[in-house]
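One chain follows as structure tokens, the form predicted alone.
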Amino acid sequence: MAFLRGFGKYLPERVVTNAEMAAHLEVEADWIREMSGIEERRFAGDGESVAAMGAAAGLDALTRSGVGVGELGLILVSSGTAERRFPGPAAEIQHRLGAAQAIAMDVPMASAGALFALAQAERWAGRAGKVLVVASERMSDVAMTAPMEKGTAMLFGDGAGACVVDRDGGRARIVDFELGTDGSNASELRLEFGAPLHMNGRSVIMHASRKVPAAINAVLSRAGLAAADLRTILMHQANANLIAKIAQTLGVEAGKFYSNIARYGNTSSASMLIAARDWDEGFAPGDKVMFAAFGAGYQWGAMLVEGS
């Protein structure tokens, strides 16, 4: 058994509006909003590396959770945009936090990485005690790599999210999760070294709109619940239209999904935990909240938590 104790985030100061992005892409600003639901995003500046942003988000989560750095047994870091092949950002985040006693491991996954890291944290918590999950992405470097594809480049922003998972107690208990992988579609959403992002948008939408609801329903079925029983759904903020399509498939109002994509854009694996930090209204006992994500691989999943 493991619990979510608190969330953290870090967003760069630089705001990039649709008007600014539209000028780069030679499109209308309104077109970006209509196609994605995004109005602005954040771009990291000098010194705001994946590790630097991740450490800041991790510290925010620890502070809000009332957990000292010295209490951590494990740090799990998700990122698909690390600046080097190795080592990954986990070791540097451990050092920046001063958590020398904690094991640090990387989860090199885009988009769904935070969800997979939370699932790993649930399994590890029994041994490590307190686990810090961090997801940090610098997607602006990817978005602005020439040649820029307008339907892809418009989506992305930078930032980091974090969550403390605790064996001994917290505000919400992890009840169950469902994860999936379909490697036959790995080439449809990929980032090669030194190349722009390749995304088959039609394929991504088709698979995500089927597989995410299926994962959510599998978890709900095992818990004897319906989607209407959920207080909210905290999903990877990929695209507002995709979230609306998934809501329609589940048979719930789009408002059941918390969304902050208009302010931050798609921050890949960081987005779900940033959304959780922004949504964080407090878990009342018995509240049911679903986390969900879909991303490169293809990899996807859903996780049910209950207020404790």
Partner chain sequence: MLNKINEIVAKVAGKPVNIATDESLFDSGLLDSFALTDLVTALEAEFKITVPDSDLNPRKFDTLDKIASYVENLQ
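Please read all numbers here as calculations on a predicted model, not as lab measurements. Numbering follows the first chain given and starts at 1.
Keep in mind that the form predicted together with the partner chain is not shown, yet the notes after this line are about it.
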Next on the checklist: If the cut-off is 4.5 angstroms on heavy atoms, which of these, Met206, Ala218, Leu179, Leu225, is the one near the partner chain in the predicted complex?
Outcome noted: Met206
Checklist entry - When the partner chain is placed as it is in the predicted complex, which of 143-151, 158-166, 171-179, 234-242 ends up with heavy atoms within 4.5 Å of it? => result 234-242
Checklist entry - Any of the heavy atoms of Arg202 lying within 4.5 Å of the partner chain in the predicted complex? => result yes
Next on the checklist: Can you work out whether Arg96 and the partner chain are in contact in the predicted complex, taking contact to mean some heavy atom pair no more than 4.5 Å apart?
Outcome noted: no
Next on the checklist: Test of understanding: in the predicted complex, would Asp106 fall inside 4.5 Å of the partner chain by heavy atoms?
Outcome noted: no
Next on the checklist: How about Arg123 - does it come within 4.5 Å of the partner chain in the predicted complex, if we only consider non-hydrogen atoms?
Outcome noted: no
